[in-house]
Structure formats: C-alpha cells, structure tokens
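Quick setup: one chain, the form predicted alone, written in structure tokens, and binding and motion questions come after.
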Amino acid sequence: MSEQENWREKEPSLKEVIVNNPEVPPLMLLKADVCRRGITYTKAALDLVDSNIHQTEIKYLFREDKGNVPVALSPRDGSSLIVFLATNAETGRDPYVVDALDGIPYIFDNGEPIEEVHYWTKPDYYSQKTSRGTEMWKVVNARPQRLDIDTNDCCHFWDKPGGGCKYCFAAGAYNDAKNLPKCRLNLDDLRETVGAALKQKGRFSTIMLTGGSILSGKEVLDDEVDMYIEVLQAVGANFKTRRFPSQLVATAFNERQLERLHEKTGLMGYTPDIEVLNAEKFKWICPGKEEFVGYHEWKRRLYHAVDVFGKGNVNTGIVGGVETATPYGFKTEEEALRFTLEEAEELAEHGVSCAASIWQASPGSVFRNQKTPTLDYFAKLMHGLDEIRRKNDIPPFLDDYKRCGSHPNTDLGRM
C-alpha cells in the first residue's frame, strides 16, 4: 500500500480531531481540513452551477477564468470557504468531493455527506462594463462581503533566481515582468467599477488591495508605495469621508513610506505578510523578503504600523504549517507549534495579530509534493492564535470571517 493510499491510517480523522479539540467548532475544523486536502467536483455538482447566477470568473495572480467551476463555497453559516482544486497526487491525501444530494451541493468524504454548501453568487456589477468597454469583473473581484483589487501580476522577489517564497504557487507561472507597467489596472476603470459595486446596498463591507512586491524606486519599495497611493486615491474618490473601510495586503514598508501612504490615502487597515514565524525558517522559505527587508526588520515595521494605523488595524499573514516543510523546517509538530505561538505572542504584545492560512503544497511551488501537517496541528494552531489575540485584547475585525474567509483562526473571532 502506498503512502498516499494509507494516509488515513496514520493521521487522526476529522471526527477524532473534533472530539479532541472541543474548543474549536466542528465546522471550522472541516473548513481547515478542506483547505488542507483540497477539493474536487463531480459532474452532478457542476451541473448545479448557473453561470448567470454564480461566480465562475476570476482574475487573480496568475490565474485565468476557471470556466464553469465555482470560484468558492459558503457553508450554511454564510462564511467563506476558499479552496483550490486538488488531486491526490498533489496533496498526498484524498481531496474532499463536492457532489449533489437532492439537488443541493454537499461536501462528501469517503462517500459520506459532511456539509451542505452554496456557490458564491455574482454581485450586480459583474455584468456591467466601464465607459472604456472593460468588463467590470475583470477590474475588481468580489467575495461575498468584500471587493478584491489585484493591482499587479508579478512579485519581483522572483526576479532573482530562488528569491521567491518557496510555498508560493505563483512560482511556476511567473514571467519576467521588468517591462510591464507597475499597475495593470486603468485607474478610470477602477474608479467606475468600485462606484458601480457600491450601488448594491448591503453587499460589501470592505475593500482589499494586494499585489506582488515591487522593489524599485529611490528607496526599495518606493514604487510599490506610489502605486498603492494612486490606486487608493482612485478608490477613495467614491467616498464622501476621507477614510473608508479598506485593507492593504502588501510588503512591510519603512516609516517614511508607511506614513506617506497613511497621509495621502483613506487606507484603514494594513497587512504585511511575514509568512512564517521564525527567523531561521523565514530566511530559508522567504529568501527575497529576508534579503530586502529581513525578519527582525519586518517585525519592527509591523510594530511601527500599529502606531500609525492603531491597534486592531494591523495584522500579518502566516502560511500555517509551512514551518514544518523539509528538510530545514521543524522536525515535529509539537516543536513547530511551540515556536510559532511564542513568536505570535511577541507580535500580539505589540498589537499585531496573525491571520493563518492553511498551507497546501501547491503545484508550481518549490514545496510541491511535500507533506503538510495533520489536521490536529492546524486545530491547535488556530486555537492558540485566537487565544493569544484575545489575551492581548486585539479586535478581530480586520480579517474576520465576513471580510476574508481564508484564515480559519480568525473565524474564531465570532465566538
């Protein structure tokens, strides 16, 4: 029997993890496990997709239209479940299956229905065009309660061979971007699209911007800051107030850059993703970020960001589980959990919380075909991060279940 075929015998099952981790609701554990193992759709499930109603279009970093496949799912609680299509060969474990049950999509495992789900519906603006004739869904993507603006397609840490983050799926699709514009969006298109989206009352609660790191400028990252200032000013033209509900997921900017960004735009929330909470692992996994900023400097910039934006408006993303990657990651899950939570505690003492995504060893990444941690590890990680946030009295709203959906630990903020 191969390693892939008998993985269930070597790991605690979802039911066992639910019993052993009563502090984490079963639905949140299921969502974490679906992210960990990936998902696939049966023909019967895809037959339930109506491209006139459901979101099947997506323009995201290095990803084109997915055809008649749902962009993402929502369980019955209305939260988001954002997961990549996967195969057994990619994850080393059987993916969950979305199939039809009495005309309703359900998540199945081993032939057993686990949870009813719903496909994301299109917002009104998806069918509209800008005055330049651009389809608006190609300008701004939508989650159930959030607008997503992807500013540029390329991360310039990859300009140097081996400089990109090793877990990143973008590695296999990266193209030389030296001659591409720093922002791929037309600002007039952007302004019009956001304006159209906001006319659908009650649909959106925040706007998120992100893109690859841009290293050029008088100082490293100056051009990236300039780009975000232009984009945020275009978005902000749709609001009567100076500040508007917004989050920027970007690189860690220095004091001068960050204060300029804050002064010239209506930005309210800032998330420079550190990716892994350990200086040694960071240097190995994120060599570009180490070379141009450095682990300890990244943390120092996070702490300064709290002074600028305020407690509860700054967090950092980590790729939960990547700290166990071989050959230089932590050797045991116990060791990885201890060191990660110790670093998260230090961040939280300075007003910075963590939003952990679930590492999947994606095709195209340097870490493809690696074995990711058990579900029990992720259960303890998400609970530990939530306890640390609560202990340090950091509000949960910047990346909560309404605004994002990619971070199981922030789901716990609703409890």
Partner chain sequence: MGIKISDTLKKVLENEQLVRVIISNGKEGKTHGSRIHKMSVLDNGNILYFEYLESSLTNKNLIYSLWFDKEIEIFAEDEAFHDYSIRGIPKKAIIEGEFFEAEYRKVQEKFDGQIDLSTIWEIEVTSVENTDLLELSKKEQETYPMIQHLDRIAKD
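Treat the numbers as computed from the prediction; the structure is a model and nothing was measured. Residue numbers count along the first chain shown, from 1.
Not on display, but discussed next: the form predicted in complex with its partner chain.
- Against its partner chain in the predicted bound form, the set Arg8, Lys283 and Gly329 makes no contact: no member has a heavy atom within 4.5 Å.
- Shown alone, this chain has one stretch from 43-51, 385-393, 363-371, 348-356 that lies within 4.5 Å of its partner chain in the predicted bound form by heavy atoms: 385-393.
- Arg76 is the sole member of Arg256, Arg76, Arg132, His296 with a non-hydrogen atom lying within 4.5 angstroms of its partner chain in the predicted bound form.
- Gln145 is the sole member of Asn278, Gln145, Thr210, Ser216 with a non-hydrogen atom within 4.5 Å of its partner chain in the predicted bound form.
- Its partner chain is not drawn, but in the predicted bound form it has a heavy atom within 4.5 Å of Arg203.
- A residue is said to contact a partner when one of its heavy atoms sits within 4.5 Å of a partner heavy atom; Glu16 fails this definition for its partner chain in the predicted bound form, lying far away.
- Residue contact check for Glu116: one or more of its heavy atoms lie within 4.5 Å of its partner chain in the predicted bound form.
- Looking at Leu398, you'd find every heavy atom of it more than 4.5 angstroms from its partner chain in the predicted bound form.
- Along 15-49, these residues reach a heavy atom to within 4.5 Å of its partner chain in the predicted bound form: Pro22, Glu23, Val24, Pro25, Pro26, Leu27, Met28.
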